[in-house]
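Below you'll find only one chain, the form predicted on its own, shown as structure tokens.
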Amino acid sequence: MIEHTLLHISGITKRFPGVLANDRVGFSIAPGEIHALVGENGAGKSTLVKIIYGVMHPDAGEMHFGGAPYAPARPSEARAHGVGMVFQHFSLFESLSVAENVALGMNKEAVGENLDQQIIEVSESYGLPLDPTRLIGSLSVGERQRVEIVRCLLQNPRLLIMDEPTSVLTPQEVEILFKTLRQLSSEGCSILYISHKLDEIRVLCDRATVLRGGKVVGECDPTRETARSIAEMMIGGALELPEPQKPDLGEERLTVTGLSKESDDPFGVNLDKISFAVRAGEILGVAGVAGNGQVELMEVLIGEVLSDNDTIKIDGMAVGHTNPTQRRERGMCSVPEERLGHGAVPDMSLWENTILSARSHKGMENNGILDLGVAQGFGREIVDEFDVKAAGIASVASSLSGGNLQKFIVGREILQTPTILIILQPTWGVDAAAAADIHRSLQDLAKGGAAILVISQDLDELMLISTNFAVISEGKLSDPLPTGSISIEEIGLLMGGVHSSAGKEVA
């Protein structure tokens, strides 16, 4: 068996306090195979690929690479064997050039004398053209991912690991990426592909290994499965998907008029004359490629950055000069994109993290005195209602997988029953079942009269749950359109700042 595979792992076990992340995991990847690794949040996928890449070390089990024993002590050893990895969150320095970032992520012996020329040749040969002299801060998100991929390709990888590679790409950029991966596969490079977008796995991958609770529970040919059947293998039961809603819309709850704001970040995006309204019962979706003003828009809407007072109104009252706490007191809740450090304090427990945003809405304080029992009770409610996999509410936020922490933060905000909810990337890194639960919760909240603004790069998500949607590009927002009035392909062009015959030019 080992002789006929590139990577063979058996009995891989990894324990953390209170958690068995990997439980005797075993599977193999053939040369040139595109192999999917799928599973619920907390199933053990991230731990496993970190072991393969040398970031972590197993407690038990063994690996063979190219028929020889393989146990990298660090990522540089994995790279020396021919293993490359593109992480979900890029490891790039914005103030450095493409070439400088590429050099930092390569083993010294792999850096040639003329790195600039190597980058140009390799990037163009795989349809991922890059200018090695450009600063990372000037690149789009899709171009930044190219830098990560080209950095791996320059080291002639035999195995390329990709973690949620399409979460920040337009449909057009996804097609380019898939073409590159298929070319690599045809040249004999194996690819281990992790994604919660199961339709992508069906289109791209040759085989899939399914993890549940740290164990391998199955293997399948994705081309012979549906997205639903793969999801049900992951969760071990039936998957209930949300149905599109036809809501009854009420009064405008959040109105934004002529909002312009220069970013203090040298690599940030300036907001330019943004206007829209969200009514009670409405879910307004905002699509856009990352780095086009989504974060800046959210910061202004929730009060982390102030604006002219009359540009933002909650239930008709101007709030542009008010801070986040004051806006929360008027019924606004929010879920930021950055989970650790913004949505939650990494070294605080889950129940302590409830205090950050829910102390007023959930009655946790009285005359400046915190009621810790209420906070702990609310923490347990979130964990139970949103099926957060954690050792307990005393677990620190940083101990949770990304998807489980996302479920906790989303649950913390939704269970406060806000009248306005602003949420950025609601299901980023969340498995299919959890995403369906979050979508239903958003629909139920809107049905109860809340106005919801969902900012996401997942077009399928926006098409499923949004009443209306708009596109943000270079800090400008298109006019909202009814969901279903424009195709995903046309939305993708708008996201890239291209004219669309079906909708207004982003201007």
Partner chain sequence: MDLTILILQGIIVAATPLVFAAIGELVVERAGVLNLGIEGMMILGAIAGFAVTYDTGSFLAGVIAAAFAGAIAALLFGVLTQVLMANQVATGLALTIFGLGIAALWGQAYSGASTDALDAIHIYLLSDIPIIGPLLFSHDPLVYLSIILVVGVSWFLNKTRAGLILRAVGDNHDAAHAIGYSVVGVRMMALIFGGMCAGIGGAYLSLVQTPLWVENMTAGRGWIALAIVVFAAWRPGWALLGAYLFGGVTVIQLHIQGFGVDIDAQLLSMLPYIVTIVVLVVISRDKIRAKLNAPACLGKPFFGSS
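Under this definition, the rigid core comprises the largest set of C-alpha atoms superposing within 1.5 Å between the forms. From a predicted model like this one, the values you see are computed outputs, not experimental measurements. Numbering follows the first chain given and starts at 1.
Form predicted in complex with its partner chain: not shown, discussed below.
Choose from 173-181, 211-219, 91-99, 401-409 the stretch whose residues reach within 4.5 Å of its partner chain in the predicted complex, heavy atoms counted.
It is 91-99 that comes within 4.5 Å of the partner.
Check each of 111, 227, 249, 306 and return the one that places a heavy atom within 4.5 angstroms of its partner chain in the predicted complex.
Only one option qualifies, and that one is 111.
Pick from 260, 416, 263, 376: which residue has any heavy atom within 4.5 angstroms of its partner chain in the predicted complex?
Checked against the cut-off, the match is 263.
Quick check on residue 151: any heavy atom within 4.5 Å of its partner chain in the predicted complex?
Residue 151: contacts its partner chain in the predicted complex.
State yes or no: in the predicted complex, is some non-hydrogen atom of residue 79 no more than 4.5 angstroms from a non-hydrogen atom of its partner chain?
Answer yes; at least one heavy atom of residue 79 falls within 4.5 Å of its partner chain in the predicted complex.
How about residue 75: is it within 4.5 Å of its partner chain in the predicted complex, going by heavy atoms?
Because a heavy atom of residue 75 falls inside 4.5 Å of its partner chain in the predicted complex, the answer is yes.
Residue 27 near its partner chain in the predicted complex, any heavy atom under 4.5 Å?
No.
Is any part of 48-86 within 4.5 angstroms of its partner chain in the predicted complex by a non-hydrogen atom, and which residues would that be?
If the 4.5 Å heavy-atom criterion is applied to its partner chain in the predicted complex, 48-86 yields 53, 55, 56, 75, 79.
For residue 398, is the CA shift between this form and the one not shown at least 2 Å following rigid-core superposition?
Shift of 2 Å or more: yes.
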